[in-house]
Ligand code: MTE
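Just one chain is shown here, as structure tokens, and it is the form predicted on its own.
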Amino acid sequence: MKNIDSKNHLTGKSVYVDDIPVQTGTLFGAVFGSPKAHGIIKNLNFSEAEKLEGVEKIFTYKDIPGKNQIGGIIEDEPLLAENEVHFIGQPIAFVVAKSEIIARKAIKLIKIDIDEKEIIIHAREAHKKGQLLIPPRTFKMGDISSEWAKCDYIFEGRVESGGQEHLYIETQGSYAYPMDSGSIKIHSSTQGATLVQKITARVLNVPMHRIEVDVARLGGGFGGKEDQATPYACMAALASYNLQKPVKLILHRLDDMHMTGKRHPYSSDFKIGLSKEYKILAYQTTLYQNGGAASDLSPAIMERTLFHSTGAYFIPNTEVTVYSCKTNLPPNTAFRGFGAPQGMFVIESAIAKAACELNVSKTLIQERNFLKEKDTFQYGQLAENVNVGKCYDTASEIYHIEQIEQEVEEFNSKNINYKKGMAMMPLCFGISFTKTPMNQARALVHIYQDGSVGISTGAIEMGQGVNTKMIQVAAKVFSIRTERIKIESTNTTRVANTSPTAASSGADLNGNALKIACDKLLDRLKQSAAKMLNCNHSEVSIENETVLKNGMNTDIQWELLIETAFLDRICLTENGHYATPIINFDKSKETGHPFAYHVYGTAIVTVTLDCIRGTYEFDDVKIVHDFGNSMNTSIDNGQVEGAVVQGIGWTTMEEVSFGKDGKLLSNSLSTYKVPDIYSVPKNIEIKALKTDGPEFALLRSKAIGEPPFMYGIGAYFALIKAIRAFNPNYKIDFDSPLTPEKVLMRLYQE
């Protein structure tokens, strides 16, 4: 089945928040953000702005009827700053006017005096000064202290991984308007409709049922709209509630870039010990997470870094500690991979360091330490249905890894100004929210009298094709044409208490809830058909919109079955509730079974480096991926391709840069580079591992959104190999992203 949204996206017919026809009298908002990174507000004067014709009202924290607090995990972030500001762009006031142009003009007339305080932008500096968002956490396994003496080789190093701008096509935005009985309806570009509902209710001091949040689709999210869409929905709702008029807020691209958080930069130290056989015996690392000025999702992201800090490897003795550091940057937030890429980049760097010092292939060390069946993860979960070795063996068989390495060496021996590099990147990624209560979902299904079907779930479509997969589920259960099925917008009045569409769990959670609802309806319909055929329920089935008795066609078609059931007053509406079984985690002991299953894979990345200019082209990314039993190969392959390119962008070109004053320097598309048509790999090949998917995956089709992002990490190490081929004096270091400027400096390092 093709993605149901492709045609409307291509022809511009898909409706996003900014496309919703506005009601008469709609007002428009603009946010006045702090011009300083840290300080005490001494004076805020917007008298000139208020005089501007067309300005309706300027809101500050004093106009909030409820709690001035939007923090989700930890309540440490005000909607509108009160007495102190903590990052440039922090919302202080919200201007509402008769047009966006007037609102933006008014912003420029606001005057503010700030008594500046010390500015911290680096995580290690924050750690030294005791500026932490939450206490540190540590995962341990084995006995790290006694194991070092048994190691034949020990290596240490430092790793830097940068931030990443989400750069979703649709910027943050919302449209709010009053409804009957004091309610507010919000159209929000959010991954978490219930979070917007909950926090808005808190800010307005009303019950959650007074807030209706509706999401048709997002123009991209990548995690950037999981928590950070909330304040803009709250501001629009605050103004609408106060003025009793519709209010629309769509961020300008430049405002979106400098006001919102990014992927967390990490600075890390590692120590790795190996045996003579290159088995990793001990691994110790300390990671400093740059959380920004407020917690946002940093505690949860820190946790997933811990979970994935050993990558696709079994290491019997580990000690991994993460500090979440408070700095004067916008609160950093969720981004595809959710902390796992940062942790995996460190273990891959440690292995690369060992391989370089020992003058052996990195692939050799990787392959000898792969996770195996019944190994124990450092968080206590037993590894089951482990496919990382199978993916590597399949890749070796199909793509001939050793032959690729030999071809690279041969090319390098014959060329002076061009060098090639190859790296292998294995994948092991856990699927589930690591906060157990979030692993639940609901679905609502209506079968109408004419046989058409309406579906509502908590899943939010943001380009990943989840709507298409939901339709596939209903079509499969009922055995009807997909044209009969309509997917409704995600709405908090139809499906309540939803988890955000994140953690690669949107299809699994919502699809399984939908399947439960459809199965219940199917059972009722079979009973109706049995009554019509005067037979037992067990003798009835439905295939291709036809009722079968003992496997033989009858003359009862889908429409007749539905019409008869309706006339018999059979309920044709059903709710489904799904909660992922078996998962649990005890934070007091840092052990448990947090993941329903793991996704595995192997990628081989090859690069050609221009050693005069420092520029490079990625020749190939060849992948064997564990899809389970993919329910939609075109959508899943598309997700792999997009994730790989985004991962390559993170490790090689997307450099988020802040000045010492906390000002974003990479603040536009002229100063922040993302992969374009000229920088994507020339060839991306994807082969599916032949395997059965796990029970808890939707129709045994494994989650796909985040895991393939890790393949992009291989691009960094392929470049490292190419640099060393040109400059044997290059002292290997790990500072991502490895931009052409950084490459050039390393090519000629003495």
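Position 1 is the first residue in the sequence shown; the rest follow in order. Quick caveat, the model's predicted, so the values are computed rather than measured.
If you look for the form predicted in complex with the named molecule, you will not find it shown, but the lines that follow are about it.
S.K.: When the named molecule is placed as it is in the predicted complex, which of 150-158, 495-503, 476-484, 136-144 ends up with heavy atoms within 4.5 Å of it?
M.R.: Contact criterion met by 495-503 only.
S.K.: Contact between residue 222 and the named molecule in the predicted complex at 4.5 Å, heavy atoms?
M.R.: Output for residue 222 is yes: heavy atoms within 4.5 Å of the named molecule.
S.K.: Is there any non-hydrogen atom of residue 651 lying within 4.5 Å of the named molecule in the predicted complex?
M.R.: Residue 651: no contact with the named molecule in the predicted complex.
S.K.: May I ask you to state whether residue 463 is within 4.5 Å of the named molecule in the predicted complex, using heavy atom distances?
M.R.: Flag for residue 463 set to yes.
S.K.: I'd like to know whether residue 336 contacts the named molecule in the predicted complex, with contact meaning heavy atoms within 4.5 angstroms.
M.R.: Yes, residue 336 is a contact residue.
S.K.: For a quick test of understanding: in the predicted complex, does each of 507, 639 and 705 have a heavy atom within 4.5 Å of the named molecule?
M.R.: Per the other structure, all of 507, 639 and 705 touch the named molecule.
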